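First structure 1, then structure 2: two forms of the same chain, each alone, as structure tokens.
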Structure 1
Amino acid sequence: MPDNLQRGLAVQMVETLRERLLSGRIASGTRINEVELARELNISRGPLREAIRQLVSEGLLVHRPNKGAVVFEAEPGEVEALFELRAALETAAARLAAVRRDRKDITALRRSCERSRKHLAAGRQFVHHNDLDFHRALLEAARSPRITEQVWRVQQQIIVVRSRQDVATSHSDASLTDHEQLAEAIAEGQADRAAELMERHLDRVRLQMITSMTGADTSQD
């Protein structure tokens, strides 16, 4: 197979596998069986291995000796640590977005919220695509590639862990309301408010995840 064709297949495989991981189709903690997956996707193992290496470098897969690649998983303590990191980075991004945004960024943030609101109104679940879409638009407005790179990594890891959790419609509605308020604070150039809203948003999502994982009410901790 020509090198450029193999590289093209590897890129396709990265996105195919990424979607399966983020959607929970391949669950957190699952070992990646290269033979079965290559057969299922009707590709050779070369491009698949390249895709796996890429996703290991992004933190969505973890290489374990004598076991191979395993889907990222985290216990409640590590989830807490992920949110500490994400909150530090993304509150800064929200503040920067309120200062650096332009008209195109404002439109992108509002349209993302509108699409998500239509999905909820139609009885559709607030899926990871909606969440990624909004936060990607916010990070674009922040104009900070280093922050974007790190948030993208942590956000995807959180989505993978959360993918098999049941999320109530009320929580999805609250998340979308957070997004709408963030969009308006950024549009109005309210940097402090944007940072405060982001911190509150991430803290609420963290509490929901930890409660789902432990079965305990952490709201009073």
Structure 2
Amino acid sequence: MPDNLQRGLAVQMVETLRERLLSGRIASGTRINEVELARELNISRGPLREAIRQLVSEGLLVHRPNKGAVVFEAEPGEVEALFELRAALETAAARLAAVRRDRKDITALRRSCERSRKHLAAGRQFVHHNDLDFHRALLEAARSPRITEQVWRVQQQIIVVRSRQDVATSHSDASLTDHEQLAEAIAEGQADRAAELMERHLDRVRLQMITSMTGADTSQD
């Protein structure tokens, strides 16, 4: 049964594991068993170990010598540090976006906000997916692949940690307002204002996440 898509197995496994990590199917703090996982994926341990090594380097897993890899987990202090990094990257991205955006970027940003607004009006929650969409559009407008790549890495780590919590409480309407203001600031080319809005936005999201972690900790087994 050669379902091999010309790509190497290790690369394939990176994507497979990444999906499982981000979807929460493999929860934060879980220990990775190489033989078991290799069996389940119908591959040998070689490529799997390479995939694990890459995900460790990306920060989604952490490596304990002679004890294997465990899924990244963070205490509130770590999350603070993570958001500090994310703020450094995304405020710069907001500045760049305000300078480099073209008409298509602006419409994309506004469209993202509209979609979220409709979701909200329809009584549905403002979900994580909406948030990611907006930030993706913003990074697209910033035209800085390197910054985009790093932001995506940090977001991945945050998603993995967040997967422990109740997704329903992870976002509020205020985030959407932040997005809308950001979109307008970028549309008008106000770089400094965009950066400031982004910083405040991330501050809000950070606080929300921290309180969610300390308040309703679902991490007991």
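So that the term is clear: the rigid core is the largest set of C-alpha atoms that superpose within 1.5 Å between two forms. These numbers come from a predicted model, not from an experiment. The first residue in the sequence of structure 1 is number 1, and each one after it adds one.
Novice: Just verifying the output here: the form predicted together with the DNA should be either structure 1 or structure 2. Which one is it?
Specialist: The form predicted together with the DNA is shown as structure 2.
Novice: Comparing between structure 1 and structure 2 on the rigid core: C-alpha of residue 192 shifted by 2 Å or more?
Specialist: Comparing forms between structure 1 and structure 2, the residue 192 CA shifts below 2 Å.
Novice: Would you say residue 204 moves between structure 1 and structure 2, meaning its CA shifts by 2 Å or more once the core is fitted?
Specialist: No, its C-alpha moves less than 2 Å.
Novice: Can we say the CA of residue 181 moves by at least 2 Å between structure 1 and structure 2 when the core is superposed?
Specialist: No, residue 181 moves less than 2 Å.
Novice: Core overlaid, residue 22 C-alpha shift between structure 1 and structure 2, how many Å?
Specialist: Displacement of the C-alpha, rigid core superposed: 4.0 Å.
Novice: Cα shift of residue 68 between structure 1 and structure 2 after core superposition, in Å?
Specialist: Displacement of the C-alpha, rigid core superposed: 5.6 Å.
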